[in-house]
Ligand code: SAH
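Take a look at this single chain, the form predicted on its own, given in structure tokens.
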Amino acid sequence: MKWIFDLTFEQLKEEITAAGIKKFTAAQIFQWLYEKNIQDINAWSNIGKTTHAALAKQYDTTLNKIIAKKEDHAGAKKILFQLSDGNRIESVLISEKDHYTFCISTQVGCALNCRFCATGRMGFKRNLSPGEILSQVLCLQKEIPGYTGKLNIVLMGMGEPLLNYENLKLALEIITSEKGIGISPRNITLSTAGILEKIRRFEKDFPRVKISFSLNAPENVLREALMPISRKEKLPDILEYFKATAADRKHRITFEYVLIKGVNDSLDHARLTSNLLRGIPCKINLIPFNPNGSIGFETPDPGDVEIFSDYLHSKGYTVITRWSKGRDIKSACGQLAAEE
């Protein structure tokens, strides 16, 4: 039996037509699955019972299984999913002042091994299918029944999204389509450690989706020590691309900077960061390191975070310090590790 969430609209239409079902039924099925978020075939009231039976024989319409939930006092809820092959992933639902944010995973584990990230300690197991990405969004929507306001999606859960490009692309097409979930691309952010060739392609395929780049150091030597991907994907090349394409971009680049005590949080690092990003329309998110078990880094002192932030502000940058929600349930940036 085929899992229906791995099919594009055109693939579904082709398959049901071959099975003798009228092709307009594909639009009805997509509406039930994604717009109404109802996966029980028997509840699809505008589709006949004979067609119900045919679809039930051909397709599995169940979402990935939720096996654990944790919620903190600040409005963060972490969801642990078990996939069909037994692998596990995590997603996070964050309640904001006037909207909700979904933090979505794209891989089981991660191959990049960033030194400050728990997901990197897992190693890489496999890419998620389009349906496994979509299933997270639909399940998190079910956690806020009746809500019809603004939703933000950030592709910065487990994994490097751009290393699962084809499956991510298919999932995003359904997430943003009026036939699918219908979330505006303007409300979606992709976070990347920096795969330049894929960044170029992504911005052509999804020009309205925001890019969040994990900077974390103001020069390549330190960044290589923290993020081994920098040995291959050089920081100057990526920043030069951002500068050269700034006039064509519909939004500012967000630079994520994880502040680690005694490693990259000094005033000198702030000065270097200011000089490095000059000429790139951007905003900077400062993220004080979120503690993580055996990872031997420490959270910087609040005073040092303020000095770092104030210096960048004084140079004209838009700076937001994100003391992450969900730290006490290990759902904050860099803490996801699929632990029950």
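Predicted, not measured: the structure shown is a model, and the values here were computed from it. Numbering starts at 1 and follows the sequence shown.
The discussion below concerns the form predicted together with this ligand, not included here.
Using a 4.5 angstroms heavy atom cutoff to this ligand in the predicted complex, none of Asp6, Leu138 and Leu172 count as contacting. For the options Asn292, Gln39, Ser309, Thr51, the residue carrying a heavy atom within 4.5 angstroms of this ligand in the predicted complex is Asn292. Checked against this ligand in the predicted complex, the residues Ser191, Asn113, Asn187, Thr101 give one hit for a heavy atom within 4.5 Å, which is Ser191. Although the partner is absent here, Ile287 sits close enough that one of its heavy atoms falls within 4.5 Å of this ligand in the predicted complex. For the chain shown alone, Asn164 is not a contact residue for this ligand in the predicted complex, no non-hydrogen atom being within 4.5 angstroms. In the predicted complex, this ligand stays beyond 4.5 Å of every heavy atom belonging to Pro130. In the predicted complex, this ligand lies within 4.5 Å of some heavy atom of Glu256. Per the 4.5 Å heavy atom criterion, this ligand in the predicted complex is contacted by stretch 114-122, the sole one of 114-122, 243-251, 261-269, 73-81. Although this ligand is not shown here, in the predicted complex the stretch 131-169 places heavy atoms of Leu155, Met156, Gly157, Gly159, Glu160, Pro161 within 4.5 Å of it, in sequence order.
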